[in-house]
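This document starts with one chain, in the form predicted alone, laid out as structure tokens.
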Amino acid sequence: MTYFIDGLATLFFGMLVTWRNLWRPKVTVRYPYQKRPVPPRYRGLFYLKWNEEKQRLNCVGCTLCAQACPTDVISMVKLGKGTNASVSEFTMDLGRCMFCNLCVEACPFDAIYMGPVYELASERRDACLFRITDLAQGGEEAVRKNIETIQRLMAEEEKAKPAATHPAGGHAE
């Protein structure tokens, strides 16, 4: 008899919990039609910052981000040298990325950031490979402007160099 009363009490308690939750407001998010706000410190898809004042990307191709990456995700091709340096190619293979933020912390030029984009799933393996046009703020147009600006700065630097040739046997004093 005590088992019957305990079972009935348990059934009644379970129905009471169900009845209370029946009238609560719903908390279901109907993803992908509704999306919750992303916290400000979320580490999602990377992007390369565009400097509007200089009309170029902040990245100078120093490779510190690639050296800091424990999974060897980043590869780049440097364009130019010195203060006028930049990158013509910048590739990230996010299929191997741990989203550890070490590349962002290693960058002394504030060129690479992690943004709020989190929808990176795909059926294709090559969809994890992000090139400079995918990562740069402004996309392909920003990359084109960046390369033009760097080439212009390199040409100006070449023009500004004093003539390296001196008359035969003479020394510059």
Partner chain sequence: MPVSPEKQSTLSTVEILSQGMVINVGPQHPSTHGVLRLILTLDGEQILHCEPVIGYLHRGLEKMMERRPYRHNIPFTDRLDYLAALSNNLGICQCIERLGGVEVPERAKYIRVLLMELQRIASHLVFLGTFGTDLGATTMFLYAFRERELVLDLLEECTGARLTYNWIRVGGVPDDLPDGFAEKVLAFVKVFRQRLKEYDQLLTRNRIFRSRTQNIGVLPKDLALAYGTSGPVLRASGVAYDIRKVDPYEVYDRVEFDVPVFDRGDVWARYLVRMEEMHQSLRIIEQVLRDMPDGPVQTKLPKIFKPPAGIAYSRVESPRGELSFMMVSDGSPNPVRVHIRAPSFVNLSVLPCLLEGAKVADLVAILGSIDVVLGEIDR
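Numbering follows the first chain given and starts at 1. Note that the coordinates shown come from a computational prediction; the quantities given were computed from them, not determined experimentally. Take the two forms, superpose them, and find the largest set of C-alpha atoms that agree within 1.5 Å; that set is the rigid core.
If you look for the form predicted together with the partner chain, you will not find it shown, but the lines that follow are about it.
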**Message:** Between Cys62, Cys69, Leu135, Ile147, only one gets a heavy atom within 4.5 angstroms of the partner chain in the model of the complex; which residue is that?
**Reply:** Cys69
**Asked** Even though the partner chain is not shown here, does it sit in the model of the complex so that Ala9, Arg43 and Cys100 each have a heavy atom within 4.5 Å?
**Response** yes
**Asked** Pro32: heavy atom within 4.5 Å of the partner chain in the model of the complex?
**Response** no
**Item:** Lys159: touches the partner chain in the model of the complex, heavy atom cutoff 4.5 angstroms
**Value:** no
**Request:** Determine whether any heavy atom of Trp23 comes within 4.5 Å of a heavy atom of the partner chain in the model of the complex, and answer yes or no.
**Result:** no
**Prompt:** Can any non-hydrogen atom of Glu105 be found within 4.5 angstroms of the partner chain in the model of the complex?
**Reply:** yes
**Request:** Select, from the options 49 to 57, 120 to 128, 23 to 31, 136 to 144, the stretch whose residues sit within 4.5 angstroms of the partner chain in the model of the complex by heavy atom distance.
**Result:** 23 to 31
**Request:** Go through 111 to 130 residue by residue and record those having a heavy atom within 4.5 Å of the partner chain in the model of the complex; state none if no residue qualifies.
**Result:** none
**Prompt:** Superposing on the rigid core, is the CA of Arg124 displaced by 2 Å or more between the shown form and the other one?
**Reply:** no
**Message:** I want to check Thr28: does it shift between the shown form and the other one by 2 Å or more at the Cα, with the core superposed?
**Reply:** yes
